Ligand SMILES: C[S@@+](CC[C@H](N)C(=O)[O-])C[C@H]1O[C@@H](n2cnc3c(N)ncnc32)[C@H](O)[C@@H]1O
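Only one chain is included here, represented as structure tokens and corresponding to the form predicted alone.
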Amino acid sequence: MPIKYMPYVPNTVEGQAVLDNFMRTRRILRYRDNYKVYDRIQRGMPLYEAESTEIIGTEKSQNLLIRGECLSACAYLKNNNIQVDLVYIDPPFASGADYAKKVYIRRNPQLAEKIAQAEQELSIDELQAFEEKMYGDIWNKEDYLNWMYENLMAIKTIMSETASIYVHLDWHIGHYVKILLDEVFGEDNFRNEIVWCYHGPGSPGMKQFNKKHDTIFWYTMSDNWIFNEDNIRIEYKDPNQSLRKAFDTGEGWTEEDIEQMREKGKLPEDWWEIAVAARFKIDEINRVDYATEKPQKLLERIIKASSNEGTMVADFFGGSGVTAKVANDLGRHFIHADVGINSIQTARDRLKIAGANFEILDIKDGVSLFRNPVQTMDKLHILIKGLRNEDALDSFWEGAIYDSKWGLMPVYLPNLLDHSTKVLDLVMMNRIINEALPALPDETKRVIVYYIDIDNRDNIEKFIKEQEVALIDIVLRDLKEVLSEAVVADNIVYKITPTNKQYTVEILQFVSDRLREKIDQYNQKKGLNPNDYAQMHNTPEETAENETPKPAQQKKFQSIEISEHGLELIELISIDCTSASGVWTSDYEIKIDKNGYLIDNGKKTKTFWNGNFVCPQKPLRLKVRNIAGDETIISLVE
């Protein structure tokens, strides 16, 4: 549970609205449960313990990578008196889409020498890979708006007086969020609606105009904000014609004025034509192959315009880490926060290659207990003994457990994809007692309520007794005890040999039961559906809507085969020579990219990994990350 609650800005007074016009938002939008959000904002942001897990670089740095929710990260920053000068957020769009990470199998290290001799190069299409669903951007509109309102209020709490915030959305929900932004930051502090335009092919058979733009809303905290117009000027597309036209209208332009303006360039309009981060021809320098990655040029313009060197730039839905990367390149400090371990790992590796110094924090808000919410939700039916689907129950209940004494016991599980359900508080318990329980069958004697975090267990148990629900016994259980079993460490067989004051570390075998199971499922599914493979490799014209691939076009599906030693499943190996416990120091590390090339201590090479490496110091701990992002740490101290 939280250590304490941090007040929002302005600090709320009992019975006083957070904003003078807060009630107006509630009347205009009329969305469900927003009064509960108001109650939570009065209570404050939950502050949890934060653990430093790794420090990258040799210098003391203000830069942070935070694994945790936006609310938790902002509470931590406020408690430590950290203010930010520019915020860019690219939150979920409520698009209804599922996002997956493509997991690439690495090359077999035992074949590295043969591959190098043959100078073999594989195209992206030839790399073996499978997809792993990371999260679903599927929201009820009201839930999304409540969630976003809390996030915006939390972010405002830690923004400086001269700060700006850029909120990146699209047509799905942006017009609703614009109203929330007016309420939180004030209509007078709205500066621009920026339209980011990009090109790309449409889907076959479209009967509408091609949707090729996103919207970015820019607000400031006050009427005193940073705007560096000279940093973002662009060339006139046709300077002679456009400037000559101004001169001819008699507005006082001279030839010298025109020449100066030609050299200076013009301020961009509020529509920006910037190419997307290419998804098909991967740019190994500027892109990290992340599903929702935004182009660096987009962030460069925003950061150059609304911040100065040495100021703090924050992104609380950090994704691929492009905001932090660009901020670091431009001499700014950065804060990258995200709930996904894949995001933290991607940003960490990207920033290490960029030579950044930073600290990684893990907020103990329950998020870190599950690496992948989608997979964990699927596994809970296995991890919770006896849990089964029960069609007779409302969708509020995840299922039921049968007991010889209590009969059918409905089970409530918080939705790991919706972080607003993570905390069991009086509001949620009131809903369970007064909405969910009355709809249960009359013979129900007991229900089980799981929680990830609980506001105050004594108060909730007292509330249950006061509600006089004696006919139904309510059992509270900590889901963290179940989730702790969801992550099973991979098995690593290794050998360390001292040689001339150095240490050769050789990985002999790597076994990941979770990954092998995933690959087996993928092979079985694709083997039964060969058309899937054909459609992946046909041209857009060949896979037009409602068209079945021709037999001649189909390619035989080749299953993914993993060698006995399993080293193809390793993505990163890190050695800590500084400490045998506590905060991780990566004194030496290697990463194998999807093409099989080594990234040696942050430096890209064209060398294939052969299964071992030389460490200049005595290793105390070994960390191995598999290609799906699971990490296993082994103590090497006897």
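Throughout, we count residues from 1 along the sequence that is shown. What you see is a predicted model; the values in this text were computed from it and never measured.
What comes next is about the form predicted in complex with this ligand, which is not displayed.
Residue in contact with this ligand in the model of the complex (any heavy atom within 4.5 Å), chosen from 87, 324, 154, 339: 339. Of the residues 228, 189, 292, 504, just one reaches this ligand in the model of the complex with a heavy atom at 4.5 Å or closer; this is 292.
Using a 4.5 angstroms threshold between heavy atoms, residue 320 counts as touching this ligand in the model of the complex. Although the partner is absent here, residue 147 lies within 4.5 Å of this ligand in the model of the complex, judged by heavy atoms.
Of the heavy atoms in residue 91, some are within 4.5 Å of this ligand in the model of the complex.
The closest heavy atom approach of residue 70 to this ligand in the model of the complex falls within 4.5 Å. Judged by heavy atoms within 4.5 Å of this ligand in the model of the complex, the contact stretch among the candidates 390 to 398, 324 to 332, 156 to 164, 293 to 301 is 293 to 301.
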